[in-house]
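The form predicted on its own is given below as one chain in structure tokens.
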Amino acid sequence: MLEFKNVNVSVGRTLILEGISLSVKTGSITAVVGPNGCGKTTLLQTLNGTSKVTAGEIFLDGDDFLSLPVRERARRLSFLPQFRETAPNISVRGLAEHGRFPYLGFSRTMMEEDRKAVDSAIEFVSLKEQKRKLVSELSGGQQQRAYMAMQLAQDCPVMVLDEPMNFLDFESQREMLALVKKLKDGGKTVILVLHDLNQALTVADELVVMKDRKIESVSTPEEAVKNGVIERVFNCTVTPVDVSGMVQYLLT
């Protein structure tokens, strides 16, 4: 279990997040949603060190996560960031191999176990045919899957994805959501920031709703709809709709 306990994040004298407490269930998909500027990305970035925790603690399976050596953290939790300036002139396989760095020695020599992990990750994201292509030559959706292959090759039980749908077309978003579900089915704990409420309500086991840099609610998507927190925070109306025996949500 990943736990945030009374976490504060400050930049200079400015308090960015205050008193954040949250427990993420192992083997679940947890989606973090909220208006722009509410602190979603800052919250996740405490896990890769981009946002500095100035008070409070983060625990992973009972261990003080922030006190672990960097390499040990990288073996237990992987992070797919939101922004990348340009696609690198490196092959898909070369990018995926970067995910194995926490396991390699000083010589950075890959062993058979590492090569298998890379091959498995590339196959998981359906880029086997493109593995020798440069990432810069791929479509936006394929590039995002290439980065996910790198994250998968890291082989961590906890995977954090900050707005993985950014700049993707509809079909690529659908493919990415399917991959997220496959990760959970494979036993991964997935935490992701989503802007699309319909996607979050559909894919998440637990929904974390943030507003004004605080957590408003932690619940199942169904409970978040019933208790009205979605409508309050996003100033919208949520109507459940039965589509072929599955509940979808109409937001207006």
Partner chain sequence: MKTKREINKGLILAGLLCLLVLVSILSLAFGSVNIPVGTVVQSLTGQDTSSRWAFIIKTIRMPRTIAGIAAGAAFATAGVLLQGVMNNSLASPNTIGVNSGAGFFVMLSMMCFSDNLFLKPVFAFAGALVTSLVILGLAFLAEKSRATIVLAGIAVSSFLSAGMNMMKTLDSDLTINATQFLIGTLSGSTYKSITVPVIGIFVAVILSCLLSKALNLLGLGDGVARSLGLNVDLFRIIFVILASCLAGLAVSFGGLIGFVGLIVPHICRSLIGHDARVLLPAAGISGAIFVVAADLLGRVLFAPFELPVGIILSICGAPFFIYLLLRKGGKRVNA
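Residue numbers count along the first chain shown, from 1. None of the values given here were measured: they were computed from a predicted structure.
Form predicted together with its partner chain: not shown, discussed below.
In the model of the complex, its partner chain lies farther than 4.5 Å from every heavy atom of Pro164. Its partner chain is not drawn, but in the model of the complex it has no heavy atom within 4.5 Å of Phe124. In the model of the complex, its partner chain stays beyond 4.5 Å of every heavy atom belonging to Ala117. When contacts are judged by a 4.5 Å heavy atom cut-off, Asn89 counts as touching its partner chain in the model of the complex.
Of the listed positions (Thr202, Thr50, Ser28, Thr54), a single one reaches within 4.5 angstroms of its partner chain by any non-hydrogen atom in the model of the complex, namely Thr50. Using a 4.5 Å cut-off on any heavy atom, the residues of 87-103 that reach its partner chain in the model of the complex are, in sequence order, Ala87, Pro88, Asn89, Ile90, Ser91, Leu95, Glu97, His98, Gly99, Phe101, Pro102.
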